[in-house]
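Encoded as structure tokens, the following chain is the form predicted on its own, with no partner shown.
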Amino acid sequence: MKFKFWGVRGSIPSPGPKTARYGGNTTCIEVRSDAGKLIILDGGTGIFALAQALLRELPVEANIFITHSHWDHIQGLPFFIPLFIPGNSVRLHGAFDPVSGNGIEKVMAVQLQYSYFPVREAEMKAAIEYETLSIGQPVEVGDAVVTNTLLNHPVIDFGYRIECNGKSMFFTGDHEPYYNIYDPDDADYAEYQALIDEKQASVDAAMRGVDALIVDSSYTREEYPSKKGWGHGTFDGAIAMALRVGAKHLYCTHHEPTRSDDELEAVFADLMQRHTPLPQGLQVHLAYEGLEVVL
């Protein structure tokens, strides 16, 4: 199994000379099983470059797994060129929205409203299917199995574990580590802490022992207090997570869009200096567009 980053920025695309090394596209990861089955994690703007690369291997059979419906994770879907080509097949997987009552098909329908996009879904020539997933539902994609886990974000957000022939990876999408909303001396503190401890244990179990852990690391520990509740994690929190679950490799992604490449490298260098030496067996990487990893 192998994977490749096509988009590593969070919140909004941030192209330009200051982000050229790591890339300005929003979240998209290509995964290939040992048998070559194509799994795509999220459809941010990075999916457009992936689509262009896929034109060399028509017909395309793609399974796209959406972590959640915020724009930076879906805004590239209408520009996924294989959707417009007869003979291709695309299956879109994602969560049920308890607010609207809609399934994952609504993600595409909203973007393809004629007020916002000139091409209707009926004009797309590929075979398009939708699968709204229940929590914890495994999906077989050829020789790989994709299993979702509910994570912590302002909307329903699925993290995905992918397993193939003894290798495994986990992608969080957007995730903020659980925290207690009550003060320690509040009467509700203990009960709420027990609830989040249970949730954390479930998430840790889903990530346990993966070869590659890909984590939302938007903020520094200094930035986080003013961003608390926004649904994103920190670099330090990502390392703590990787150590807790016994991951072999940690990939920090969903980079803050206002952070230049130079600033990103400086933040990462400070992080590694504070956490060196890492326990034996863990390696930490800063994700960039074009980075390809073979497990």
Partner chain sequence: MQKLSAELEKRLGSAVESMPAFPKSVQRVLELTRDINCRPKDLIEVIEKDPVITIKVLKVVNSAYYSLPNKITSINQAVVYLGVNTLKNLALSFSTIGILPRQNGAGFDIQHYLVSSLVTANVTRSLCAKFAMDVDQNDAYITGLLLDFGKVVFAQFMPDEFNRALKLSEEYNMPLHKAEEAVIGTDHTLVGARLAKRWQFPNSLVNCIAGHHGPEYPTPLAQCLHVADLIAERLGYDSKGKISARGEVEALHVRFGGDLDKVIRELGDTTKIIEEALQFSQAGA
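Positions refer to the first chain, counted from 1. Because the structure is a prediction, the values reported are computed rather than measured.
Heads up, the form predicted in complex with its partner chain isn't pictured, but that's what we're talking about next.
Contact check at 4.5 Å (heavy atoms) against its partner chain in the predicted bound form: all three of Q113, P154 and D183 pass.
Across the options 159-167, 196-204, 76-84, 209-217, residues that bring heavy atoms within 4.5 Å of its partner chain in the predicted bound form belong to 196-204. Note on contacts: among A127, V119, V145, I135, the single residue with a heavy atom within 4.5 Å of its partner chain in the predicted bound form is I135.
The closest heavy atom approach of E223 to its partner chain in the predicted bound form falls outside 4.5 Å. Among heavy atoms of E131, none comes within 4.5 Å of its partner chain in the predicted bound form.
In the predicted bound form, at least one heavy atom of Y192 sits within 4.5 Å of its partner chain. For W71, no non-hydrogen atom is located within 4.5 Å of its partner chain in the predicted bound form, even though that partner is not displayed.
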